[in-house]
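Before any questions on binding or motion, here is one chain by itself as structure tokens, the form predicted alone.
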């Protein structure tokens, strides 16, 4: 019997123990270790302040008795507060005005960039995205200067050429002026999301459609738009949350147009004014939680309506 045959017929029970892979048992603990920093920050920076705000919303500061537990009285008062209702309705109107225009522009820019027909597409894409990199405070101050009825360039050009210029900071124009600022800031952000979604569509679909005689408009309508539905839903959800949390732009323009933008112009601005100007921290916490509930309900209604139309 040769050495090879002897090795092959050797009793496997007499073979030495198998080597363990180095670090094998430790792989199970690697996942929690990587997640632990996020969980700690999430607990400290999100859940803890949220729980403390919920705790504050159940109390009131009274002249007699000091801090008193009142249960849901702050929430009942907030539901009856006409200033909060006006602020919520105003940001709802802002959503109806601003979001469709912003998403339509972002969609058109994304389709144009993906078509491959534009020259200097990278430069154009960067130019559309750059406003998003500008902080909202800087953007609002810039547009506030442009809107100025006395010193703004729009007013100066209108006066020079004898053309009527709308008072962009008046009561009738303020919501549209805010919508313009937010649209300028976030069109590029939404365009990047939609453009990234378009880049994931297999090119074979475009080639097959072109071979079947489909033109650019037909491809965009039958292939690109259906592929963009998840991305459009994502941008729509972000827009709902951002619209109802509108704060920076009206807060900064309040100094320029104090007669138009008061402390309750938006729901978020109202909660801020209650907490830091009126020193009603407990009531402001209740208002903030109700605003969060409104955002959840509105987001659900929008997503439910969109999904229902898609399935039908």
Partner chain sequence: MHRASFTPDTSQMSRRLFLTAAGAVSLGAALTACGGSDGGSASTAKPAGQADIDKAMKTPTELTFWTWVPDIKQEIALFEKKYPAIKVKVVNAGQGVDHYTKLRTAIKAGEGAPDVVQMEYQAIPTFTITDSLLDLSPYGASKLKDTFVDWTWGQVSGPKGEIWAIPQDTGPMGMLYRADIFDKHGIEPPKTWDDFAAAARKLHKADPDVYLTNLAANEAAAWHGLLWQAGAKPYATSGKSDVSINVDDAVSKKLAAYWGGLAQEGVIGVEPDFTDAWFSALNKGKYATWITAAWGPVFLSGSAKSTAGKWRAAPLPQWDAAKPSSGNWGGSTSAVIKATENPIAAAVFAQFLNSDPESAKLFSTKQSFFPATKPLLTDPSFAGDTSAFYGGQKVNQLFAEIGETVSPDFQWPPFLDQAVTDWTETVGTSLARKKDTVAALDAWQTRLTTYAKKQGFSVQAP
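Think of the rigid core as the biggest set of C-alphas that the two forms share within 1.5 Å after superposition. Positions refer to the first chain, counted from 1. The structure displayed is predicted, hence computed values, not measured ones.
One more form of this protein should be noted, the form predicted together with the partner chain, which is absent from this view; the next part is about it.
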Stretch in contact in the predicted complex with the partner chain, which is absent here, among 143 to 151, 84 to 92, 179 to 187, 101 to 109 (heavy atoms within 4.5 Å): 143 to 151
Sole residue of 268, 248, 60, 243 within 4.5 Å of the partner chain in the predicted complex, by heavy atom: 60
Three-residue site 254, 259 and 279 fully in contact with the partner chain in the predicted complex at 4.5 Å by heavy atom: yes
Contact label in the predicted complex: residue 68 to the partner chain, heavy atom within 4.5 Å: no
Exercise: residue 212 in contact with the partner chain in the predicted complex, heavy atom 4.5 Å: no
Partner proximity in the predicted complex: residue 207 to the partner chain, non-hydrogen atom cutoff 4.5 Å: no
Partner proximity in the predicted complex: residue 156 to the partner chain, non-hydrogen atom cutoff 4.5 Å: yes
Per-residue C-alpha change between this form and the one not shown, residue 258, threshold 2 Å, rigid core fit: no
